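This document starts with one chain, in the form predicted alone, laid out as structure tokens.
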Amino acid sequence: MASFYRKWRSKMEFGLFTLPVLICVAVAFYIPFVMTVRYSLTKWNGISKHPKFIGLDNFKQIFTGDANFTNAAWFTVKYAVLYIVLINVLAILLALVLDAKLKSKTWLRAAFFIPYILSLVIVGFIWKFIFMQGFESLGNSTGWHIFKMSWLGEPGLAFISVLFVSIWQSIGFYLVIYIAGLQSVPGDLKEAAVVDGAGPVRRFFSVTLPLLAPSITIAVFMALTNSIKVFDVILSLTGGGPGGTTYSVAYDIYRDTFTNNLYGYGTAKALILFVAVLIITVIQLTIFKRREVEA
């Protein structure tokens, strides 16, 4: 009887401690998610008390007659692929340099990480000023053509600008991940590779890179989710211009929902983005975790 009472009391205590957390998670995630699914099936302007139920019409319109969403999706795919590849390659190369025995490596690590502390909105406004006025002054003083180019006024250059600013702001975060991964590589394995006559390149690809697999999994996962949801740098840097060529899916959702007051339509797009991110990240984690085990 006493043991039954202790088990019952233990379960009650566990329930009392976890109940507030469960309530917070339900209020912050599950209830809004259910409401999103509900509103995605309606025609609603965000003000009316009685949204009109239209079934799957929003989704049909998105996939068959919304050119803006198609262009935004293509922009997001291009941005995500280039962002993931470039930021991980650059972060690994910088991590290799800053993990070496340099007197100034502490200062250099801090210098690369400081931009990550700033909000991408603030960074976007800073670089907007640089591209529009700073480059103009440099172009007049140096005569170099690169500073006279319209970095935010031409579609191709605007895409490069968004990609560059995003990488510049966030590379410090991925640098920290890879430095931590490099410091976990056993030194005796490196020494054994040197004794076997392996050069720096061979040691990197045969010893260091396979042991960086957990760090690569984390970094690629973070880069993937952040790039698919890119919004704030576009809002502050290009505003979706020129001519809507830098609309991402997240920015297109924002524009439809809060500018055009198409709340039902916008929530349908948000639900599609959520499902896409979920599927892609699950596939990515499954593949990379399998490779970790093989490595």
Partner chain sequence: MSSTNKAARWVGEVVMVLLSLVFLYPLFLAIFNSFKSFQEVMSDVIALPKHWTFDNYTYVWNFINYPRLFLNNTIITVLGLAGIVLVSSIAAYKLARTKSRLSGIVYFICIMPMLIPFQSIMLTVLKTARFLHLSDSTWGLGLLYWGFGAPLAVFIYHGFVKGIPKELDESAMIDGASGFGLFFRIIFPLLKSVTATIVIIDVMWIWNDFLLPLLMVNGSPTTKTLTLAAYTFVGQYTSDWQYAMTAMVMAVLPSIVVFMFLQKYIVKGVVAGAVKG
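Between two forms, the rigid core is defined as the largest C-alpha subset superposing within 1.5 Å. Owing to the predicted nature of the structure, the values given are computational and were not obtained by experimental measurement. Positions refer to the first chain, counted from 1.
Unshown form predicted in complex with the partner chain; subsequent notes refer to it.
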- the partner chain isn't shown here, but in the predicted bound form, which of 67 to 75, 91 to 99, 191 to 199, 155 to 163 has heavy atoms within 4.5 Å of it? 91 to 99
- Using heavy atoms and a 4.5 Å cut-off, decide whether Val21, Ile31 and Ala110 all contact the partner chain in the predicted bound form. yes
- Task: Name the residue from Val85, Ile114, Leu209, Met149 that puts a heavy atom within 4.5 Å of the partner chain in the predicted bound form.
- Result: Ile114
- Query: Here the chain is shown alone; which of Val185, Ala213, Leu224, Val176 has a heavy atom within 4.5 Å of the partner chain in the predicted bound form?
  - Reply: Val176
- Query: According to a 4.5 angstroms non-hydrogen atom cut-off, is Phe129 in contact with the partner chain in the predicted bound form?
  - Reply: yes
- Query: Given that the partner is absent here, does Phe59 sit within 4.5 Å of the partner chain in the predicted bound form, heavy atoms only?
  - Reply: no
- Message: My question is simply whether Phe204 lines the interface with the partner chain in the predicted bound form - judged by any non-hydrogen atom within 4.5 Å.
- Response: no
- Message: Taking the partner chain as it sits in the predicted bound form, is Gln284 near enough to touch it, meaning that at least one heavy atom pair lies within 4.5 angstroms?
- Response: no
- Item | Members of 143 to 171 lying within 4.5 angstroms of the partner chain, judged by heavy atom, in the predicted bound form | Trp168, Ile171
- Item | CA of Ile279, rigid core aligned, shift of 2 Å or more between this form and the one not shown | no
